[in-house]
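For reference, the chain that follows is the form predicted alone, supplied as structure tokens.
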């Protein structure tokens, strides 16, 4: 078969419960992919969409409703590669953060009334329900990472995605440390890099929207922030805001209990 007769790879982009920020990034960079792929389904951007097997599907948003789960299972069954894009799809996002504090049924009733028919689920990342081939975190995702991941999958191999902390990017940009020099509650030491250290570069504290880095030192983070006068409840709240998994906070909770016992003895 000549190269001219080889069918172009087919891609799709879908949204579950999310803000569609990732879809905007994909849409804004679609012109770079058009020469190499065919967009089979992208309901956010086009009116005609095909429900057929594709090579790569990008999915943003968390599984927060029953129809999200049904849609995700169908996507998995019809996709060669499934890519979770954005912190909601990878970690559960602010939806999961909210569900860690309140029952999802109570939140829905508070907003929509007692008679609501919304079939809500505890917000969870895609990997908790189906096999995910690649996870690309971000709030929203980084365009360069998105294009790099797509290029790798089109060549039939899984991409390398760094999980180093934001502190690395701050060092590369020669940013002054807002945690040490300004005493701001910066979560850069435990947050995955990829954003280019946007917030610290502007003199603001990182608030963890990209999710945890590889092997985050959560207890040390809690110690540093508590020594700077931040209550452990506030530290945990900031860290949980974007849906980081609960097991990461177990050692921090132990440290918090030690603090309470120390204050009781004093």
Partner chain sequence: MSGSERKTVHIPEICRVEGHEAVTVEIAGGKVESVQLEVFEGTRFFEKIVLGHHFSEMPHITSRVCAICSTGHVLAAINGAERSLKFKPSLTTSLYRELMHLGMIIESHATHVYALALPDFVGAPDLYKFATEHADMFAAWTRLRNLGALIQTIVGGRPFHPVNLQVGGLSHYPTVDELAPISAGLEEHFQLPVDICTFLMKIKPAVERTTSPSFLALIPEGKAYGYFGERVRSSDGFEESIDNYKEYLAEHSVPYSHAKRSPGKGKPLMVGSMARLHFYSDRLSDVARGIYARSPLAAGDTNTIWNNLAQAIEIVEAFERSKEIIRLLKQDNLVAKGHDSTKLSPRAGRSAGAVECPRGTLYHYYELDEKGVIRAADMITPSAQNTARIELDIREVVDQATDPTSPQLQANLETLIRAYDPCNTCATHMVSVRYR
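Positions refer to the first chain, counted from 1. Bear in mind that the values here come from a model prediction, so they are computed numbers and not experimental data.
One more form of this protein, predicted together with the partner chain, exists but is not displayed; see below.
At a distance threshold of 4.5 angstroms between non-hydrogen atoms, residue 244 is out of contact with the partner chain in the predicted bound form.
Residue contact with the partner chain in the predicted bound form: residue 140 places a heavy atom within 4.5 Å of it.
Taking non-hydrogen atoms only, residue 70 never approaches the partner chain to within 4.5 angstroms in the predicted bound form.
Mapping the unseen interface onto this chain, residue 153 falls outside it, with no heavy atom inside 4.5 Å of the partner chain in the predicted bound form. Look at 76-84, 89-97, 155-163, 125-133: in the predicted bound form, residues with non-hydrogen atoms within 4.5 angstroms of the partner chain sit in 89-97. Of all the residues from 37-62, those having a non-hydrogen atom no more than 4.5 Å from the partner chain in the predicted bound form are 38, 39, 41, 42, 43, 44, 45, 46, 47, 48, 49.
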